[in-house]
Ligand SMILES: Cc1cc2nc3c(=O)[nH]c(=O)nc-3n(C[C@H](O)[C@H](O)[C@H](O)COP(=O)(O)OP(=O)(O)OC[C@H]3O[C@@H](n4cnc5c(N)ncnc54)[C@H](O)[C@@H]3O)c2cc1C
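Given as structure tokens, the chain that follows is alone and in the form predicted alone.
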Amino acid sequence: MGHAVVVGGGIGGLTAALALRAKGWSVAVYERAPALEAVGAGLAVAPNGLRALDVVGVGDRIREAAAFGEAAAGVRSHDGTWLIKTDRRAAEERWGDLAVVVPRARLVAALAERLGAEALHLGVTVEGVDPDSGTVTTTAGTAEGDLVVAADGIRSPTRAALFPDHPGPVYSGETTWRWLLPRVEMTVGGVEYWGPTGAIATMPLADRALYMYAAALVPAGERADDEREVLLDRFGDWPEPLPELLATTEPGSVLRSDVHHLATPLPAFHKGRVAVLGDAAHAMVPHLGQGACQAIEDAVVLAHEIAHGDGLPGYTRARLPRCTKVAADSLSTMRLSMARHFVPIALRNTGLRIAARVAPRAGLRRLDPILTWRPPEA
């Protein structure tokens, strides 16, 4: 067994450290932030991600944090018409699990607690990685790794150094807003609404909390002093409960982020002793809720290939085609949901309603290649 140096203490990096340690490796995680404070609000972990979390012993803890109410779920038009209605029982029978929505910080905390503080080096910036020797230069000195895991995010300096000819992340054309409502007294389902000014969603959390997100196609860099007012302008006349929920949102609680992604796939997910995973390898738009799930998958597959498979070449073979396909499907879903003009919206909505009547489980089948994934067995 060897020693792994993990660059980045986000979801992918922490999961990789746990998965490698389960295979007998020693691990050290270097994170430039002084504390593991997850940036973001809520996070969806789909059945494929939950199975991968089971491998590192965290899956059940995340399932326990889920909130499954009786309110209807699915996709509605901005006029309130149902476009896709989710059959919760059919989904659970098909995939063996349901997607779990939790605060991002809860997942990060669960992973970090299981890993233990002794493996975490916080407030340390990685300044360089030698892929041939596995030498990692940090602000606290150098570290040597038999394996280096680059989980340093969409702006990954490690990826840029390994693949200098790659164009890196580009703006997707979409900005997103995310926020949490700590206590909601009304009954709210997990519903995404699509309309000409964007998309907005409600996602119930435990203890009657609610995660909400919204998205729109706008030029990059736009910001407002009060992002809640922007949301009210775009979605304030959409069906209840959206107006009431927006009215109770604290203006300062709304996070806004332009969505960048890796439109050009990497040539490989490894070079020398370095494996690249998560957003550093395949940052994607969020419309299938698979960004974190694919990072978690990466982590357990990497550990398997290192311990039982073909090492880093096996990791690239297992992950590059799948992640490229999931990213492409996410982008297609973004384009479908972000239609802005009358004709494409009418065609989309009519097609979805007809499909729901003719083949009510077609939507579930479409997600099978993603959600039926299972971790490799040793």
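In this text the structure is predicted, and so the values were computed from the model without any measurement. Throughout, we count residues from 1 along the sequence that is shown.
In what follows, reference is made to the form predicted together with this ligand, a form of this protein that is not presented.
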{"property": "The single option of A110, V124, A91, L245 touching this ligand in the predicted complex, heavy atom within 4.5 Å", "result": "V124"}
{"property": "Partner-contacting position among V56, A318, A44, C323 - heavy atom within 4.5 Å of this ligand in the predicted complex", "result": "A44"}
{"property": "Segment that reaches this ligand in the predicted complex - one of 301 to 309, 264 to 272, 146 to 154, 237 to 245, heavy atoms within 4.5 Å", "result": "146 to 154"}
{"property": "Heavy atom distance at most 4.5 Å to this ligand in the predicted complex, all of G12, D279 and P286", "result": "yes"}
{"property": "is_contact(V5, this ligand) in the predicted complex, heavy atom dist at most 4.5 Å", "result": "no"}
{"property": "Contact flag, T197 vs this ligand in the predicted complex, heavy atom cut 4.5 Å", "result": "no"}
{"property": "Interface membership of S253, this ligand in the predicted complex, 4.5 Å heavy atom rule", "result": "no"}
{"property": "Contact of R228 with this ligand in the predicted complex (heavy atom, 4.5 Å)", "result": "no"}
{"property": "Members of 290 to 325 lying within 4.5 angstroms of this ligand, judged by heavy atom, in the predicted complex", "result": "Q290, G291, A292, C293, A295"}
